[in-house]
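The data below hold one chain only, encoded as structure tokens and taken in the form predicted alone.
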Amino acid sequence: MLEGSEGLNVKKQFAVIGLGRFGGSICKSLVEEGMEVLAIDTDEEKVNEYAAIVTQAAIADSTDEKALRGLGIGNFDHVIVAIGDNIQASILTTLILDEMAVGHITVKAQNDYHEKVLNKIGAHEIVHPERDIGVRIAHNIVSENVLDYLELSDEYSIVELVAGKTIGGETIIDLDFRSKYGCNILAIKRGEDIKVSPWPEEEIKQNDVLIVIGADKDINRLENHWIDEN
């Protein structure tokens, strides 16, 4: 197990298995957040690449339970299985981590069938990075008003929308936002300022960024309405 700080300043300990583009990006992001990270891969070249970035790097086969136990994987707060195209290795690794009672297991899925298997063998969270990025890109290129798109579930999402000139100067009440679109404005970003849970009387200015939550069907209707107006 990696050594952590004591008391209230204990850092969370993460292990990332698979140092491809996705796993490597997670390693870098976690380190930037001040977390302790163990990076694992069977490829010595990849392990050497991240050795200077993470807390510890190890060459190991994650389908070998003895190897994982030797690295103290069971003591980590969160293990991310970011294995690329080898679905069998991903499944076996997840199964071993579940049997070792790892606190939280996040796994990259290749497809829906892979996800179904992972759900049955102990994965706590499953991500589809390529699919999710595709959804974001699609929304961004359909409308220049859409800055970002985050899928919360199969039915609900959060979207960042830029207020166009047609609604500049209107208040949330004037727009009848909830009744007309079925969505709620969580926050309004104006430059460096952000207003969380804005009052209904809040005036929206052109180029404000609205952070909106709602059902996908309502968000799509809202986006289409804004596309028609811009």
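All figures in this text were calculated on a predicted structure; none of them were measured in a lab. One-based numbering along the sequence shown.
FYI, the form predicted together with adenosine-5'-triphosphate (ATP) isn't displayed, but the following is about it.
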_Option from 155 to 163, 117 to 125, 78 to 86, 94 to 102 whose residues, in the predicted bound form, bring a heavy atom within 4.5 Å of adenosine-5'-triphosphate (ATP)_ = 78 to 86
*in the predicted bound form, which of the listed residues (T171, Q56, N184, T42) lies with a heavy atom within 4.5 Å of adenosine-5'-triphosphate (ATP)?*
T42
*Just give me the single entry in L38, I188, A60, I26 that has a non-hydrogen atom within 4.5 angstroms of adenosine-5'-triphosphate (ATP) in the predicted bound form.*
A60
*asked:* Although the partner isn't part of this model, could you tell me whether A15 comes within 4.5 Å of adenosine-5'-triphosphate (ATP) in the predicted bound form, counting any heavy atom of the residue?
replied: no
*asked:* Quick check on R21: any heavy atom within 4.5 Å of adenosine-5'-triphosphate (ATP) in the predicted bound form?
replied: yes
*Using heavy atoms and a 4.5 Å limit, would one call Q110 a contact residue for adenosine-5'-triphosphate (ATP) in the predicted bound form?*
yes
